[in-house]
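Presented as structure tokens, the chain that follows is alone, the form predicted on its own.
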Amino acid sequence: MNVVIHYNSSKEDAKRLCAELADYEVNSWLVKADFENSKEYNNLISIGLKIAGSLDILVNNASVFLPGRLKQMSFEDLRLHMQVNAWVPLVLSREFARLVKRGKIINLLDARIKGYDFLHVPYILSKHLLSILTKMMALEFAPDVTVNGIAPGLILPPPGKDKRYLEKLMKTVPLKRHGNPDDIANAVIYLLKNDFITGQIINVDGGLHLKGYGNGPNPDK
């Protein structure tokens, strides 16, 4: 499968990914688009179609993840997360369904949509919205386009943290370990191989969603 790679500011990382894919004899193309600029993201699907010749799959995995508590959250904080994490995936998915006609859409969510994240309120609200949109789009775009979601749990440390961050939290996971990117990739591949699944969100979190997320803004009190 060949890949159209979208990036905004991480051009060098995207170029390295292209080089890695070339080792597997996979063709890839780079497309730059700022998800805060409608003139750029509105045309992303059509540009991808033009340079690749065809599209079969759309993976919405770009995300903004910034700290923000309920008491301090501004409307601008909320707008940014909603636009990048929910609105743009909706726009891209609509264009995919309109132009490609038949294919599969995978949305990357967050296992914390089973509860709350009081440290990242704008972020978790945007992921809640994307989870609802995933199910609505599954109905709207049927029968020719399937739409599903993957909700990762403890997979990678957040920016500025290292593996010790994951190891500290492993005890909260029923399986008593953290996952890795391969676990997410395998779940995506499973959904891509199955033509009779749509509107589903798979939690890849070691069972933590069964216990729930977020014990309140001050869990130690």
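What you see is a predicted model, and the numbers here were worked out from it, not measured in a lab. Numbering starts at 1 and follows the sequence shown.
The next section is about a form of this same protein that is not shown, the form predicted in complex with a small molecule.
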item: Which of 57-65, 168-176, 188-196, 22-30 lines the interface with the small molecule in the predicted bound form (heavy atom within 4.5 Å); value: 57-65
item: Interface residue in the predicted bound form among K127, H120, K104, K114, criterion: non-hydrogen atom within 4.5 angstroms of the small molecule; value: K127
item: The small molecule contact at A52 in the predicted bound form, heavy atom, 4.5 Å; value: no
item: In the predicted bound form, N2 touching the small molecule (heavy atom, 4.5 Å); value: no
item: Contact test in the predicted bound form: I47 vs the small molecule, heavy atoms, 4.5 Å; value: no
item: Any non-hydrogen atom of L108 within 4.5 angstroms of the small molecule in the predicted bound form; value: yes
